[in-house]
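Take a look at this single chain in structure tokens; it is the form predicted on its own.
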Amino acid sequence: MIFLLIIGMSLVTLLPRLIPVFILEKLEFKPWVNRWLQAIPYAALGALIFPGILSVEPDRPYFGLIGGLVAVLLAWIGINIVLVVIGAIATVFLLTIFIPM
């Protein structure tokens, strides 16, 4: 019974993901639709990251915003993503050390 449940749940999650692949493969979109679709991953990533930025220091949300801005600037320069993350973490860490409550 459990095996059938696992098979059924896998089909329920597989079909909604697989059907659009075959349908969208045959469609031709206008260039502006393609540009819009390519921006979706960045928008989703921003929606996932931004609430975390504000909750780094609950009493001081501007620390997270400053760390986020440092990350954006480092990424804009073209630094490796690992260094961008380390730079943002180091910024928030230094702010919490040098600016007491």
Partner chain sequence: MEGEVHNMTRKQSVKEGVMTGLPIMFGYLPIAITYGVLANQIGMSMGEIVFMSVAVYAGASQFMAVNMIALGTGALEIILATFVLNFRHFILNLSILNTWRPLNLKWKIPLSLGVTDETFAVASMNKERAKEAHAGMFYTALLLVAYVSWVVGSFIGVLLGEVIPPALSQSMGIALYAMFIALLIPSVKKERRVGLIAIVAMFIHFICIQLGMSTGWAIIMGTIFGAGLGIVLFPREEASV
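Predicted model only: the values in this text are computed from it and were never measured. Residue numbers count along the first chain shown, from 1. Throughout, rigid core stands for the largest set of C-alpha atoms superposing within 1.5 Å between the two forms.
There is another form of the same protein, the form predicted together with the partner chain; it is not shown, and what comes next is about it.
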Inset, instruction - Please check if F3 has a heavy atom lying within 4.5 Å of any heavy atom of the partner chain in the predicted complex. - result: yes
Inset, instruction - May I ask you to state whether I7 is within 4.5 Å of the partner chain in the predicted complex, using heavy atom distances? - result: yes
Inset, instruction - Counting only non-hydrogen atoms and a 4.5 Å cut-off, give the residues of 1-24 close to the partner chain in the predicted complex. - result: M1, I2, F3, L5, I6, I7, G8, M9, S10, V12, T13, L14, P16, R17, L18, I19, P20, V21, F22, I23, L24
Inset, instruction - Examine Y62 after superposing the rigid core and state whether its CA is displaced by 2 Å or more between the shown form and the other one. - result: no
